[in-house]
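As structure tokens, one chain now follows by itself in the form predicted alone.
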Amino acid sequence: MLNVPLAGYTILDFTQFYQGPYATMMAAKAGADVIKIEPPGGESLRLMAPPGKETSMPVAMLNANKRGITLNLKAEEGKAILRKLVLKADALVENYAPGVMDRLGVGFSVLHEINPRMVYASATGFGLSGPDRDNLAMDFTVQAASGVMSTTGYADGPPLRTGAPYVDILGGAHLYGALMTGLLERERTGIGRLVEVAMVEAVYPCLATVLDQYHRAGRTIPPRTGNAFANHNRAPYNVYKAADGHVAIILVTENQWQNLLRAMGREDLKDDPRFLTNTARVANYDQTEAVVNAWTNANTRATIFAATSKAKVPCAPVRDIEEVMNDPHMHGRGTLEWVDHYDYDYPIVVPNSALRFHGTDKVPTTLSPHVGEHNEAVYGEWLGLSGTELARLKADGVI
């Protein structure tokens, strides 16, 4: 057995889309035996797969290292099978809408009676209680409802979502934390409990900077400022055009302005009262921006990054997804990995877990499972079902 933190733990994974699968993928990468349980035909995210394929890129990325089985919880025999599986599980994770598992007769209260040691982790958009409990929730709608979307974009334009579904992934990270906390308590008490994460609650702390500006401005809602700092209260702090793309530059301390002047070859401005302090630079915001833009526009991202790195000024090139996918740093650390996937005609990049456990073995990457790929192994190994019984269950639409 590999020396990994979650070796010996078994997790029943009823998650779908992004949030839940990310949490259980991290558990799988930590060594847990994660059994992905999909309805016959597969989860909805598989509908995003290329024509003729069953695996969309999110499925491939977020379901690596899991075993896959199918089970129809709308069938009475399917519920009976779940109750048997629960006897052998350390945890069950699901991100159905609130009340779905209860209506099916396999919610926490029922399963806790069957296996009191099992931790039951639930992820939703707005929580299992409260007036908004039943609001439909996807990353996009939670970005809107959480207030984050209202802060994103430019003052003269509409609110914008982020290009990536970060609320789903942030919710998944919180779900993993809740699951692990529940398992830690179970190790101490011998009893599992219901733990839950609501996406809207997970994202609220991201509003810290904007809320700070709100209170500083006498409880006035700050305008959207695009890539600039809230209320333009820090300068330079923006995305600047380079000769071959864009770079992000931010100053945190006053001495970094002097460092930036040296990097730009503009030490003639080191005593200019318009720029001596952040307060002065904000008061002369357009002039400050013009100084930085003049330099970045004339140089490549690589030149700008090299100069700012030498001067110890926080800066990064704005990279596209292809650049990040091929990033030698993350590939060198093993964060990203090329794999030959059965549903793609070329190697693809999948992520490993962002969690690092030093002094443990690396869990080798296995591909996301086909729909029901491990039915025979799991049902035979756990429940002792024969090939004949499995064929009947498949024919009856139970698995």
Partner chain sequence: MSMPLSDITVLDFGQIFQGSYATVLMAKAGANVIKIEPPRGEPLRHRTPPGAKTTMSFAMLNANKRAITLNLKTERGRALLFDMVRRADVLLENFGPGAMDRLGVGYEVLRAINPRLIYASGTGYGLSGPSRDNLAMDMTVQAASGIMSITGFAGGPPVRAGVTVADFMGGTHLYGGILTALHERHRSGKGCLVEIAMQEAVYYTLAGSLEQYNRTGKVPGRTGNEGTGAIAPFGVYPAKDGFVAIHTGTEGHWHNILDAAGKPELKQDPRYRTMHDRSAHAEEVNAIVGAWTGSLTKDEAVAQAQKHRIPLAPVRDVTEVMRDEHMHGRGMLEWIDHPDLGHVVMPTTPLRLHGQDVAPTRPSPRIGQHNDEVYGGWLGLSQAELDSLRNDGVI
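Just so we're clear, the structure is a prediction, and the values are computed from it rather than from any experiment. Positions refer to the first chain, counted from 1.
Not pictured, yet referred to below: the form predicted in complex with the partner chain.
Stretch-level contact analysis of 78-86, 135-143, 265-273, 282-290 against the partner chain in the predicted complex, using heavy atoms and a 4.5 Å limit, identifies 135-143. Contact check for 243, 303 and 364: none of the three has a heavy atom within 4.5 Å of the partner chain in the predicted complex.
Contact with the partner chain in the predicted complex, defined as a heavy atom within 4.5 Å, holds for exactly one of 200, 111, 73, 261, namely 200.
In the predicted complex, the partner chain stays beyond 4.5 Å of every heavy atom belonging to residue 102. In the predicted complex, the partner chain lies farther than 4.5 Å from every heavy atom of residue 339. At the 4.5 Å threshold, heavy atoms of residue 228 reach the partner chain in the predicted complex.
Taking the partner from the other structure, the partner chain in the predicted complex has no heavy atom within 4.5 Å of any heavy atom of residue 369. Along 154-192, a non-hydrogen atom within 4.5 Å of the partner chain in the predicted complex is carried by 154, 158, 159, 160, 161, 162, 163, 164, 165, 166, 169, 170, 173, 174, 176, 177, 178, 180, 181, 182, 183, 184, 185, 187, 188, in order along the sequence.
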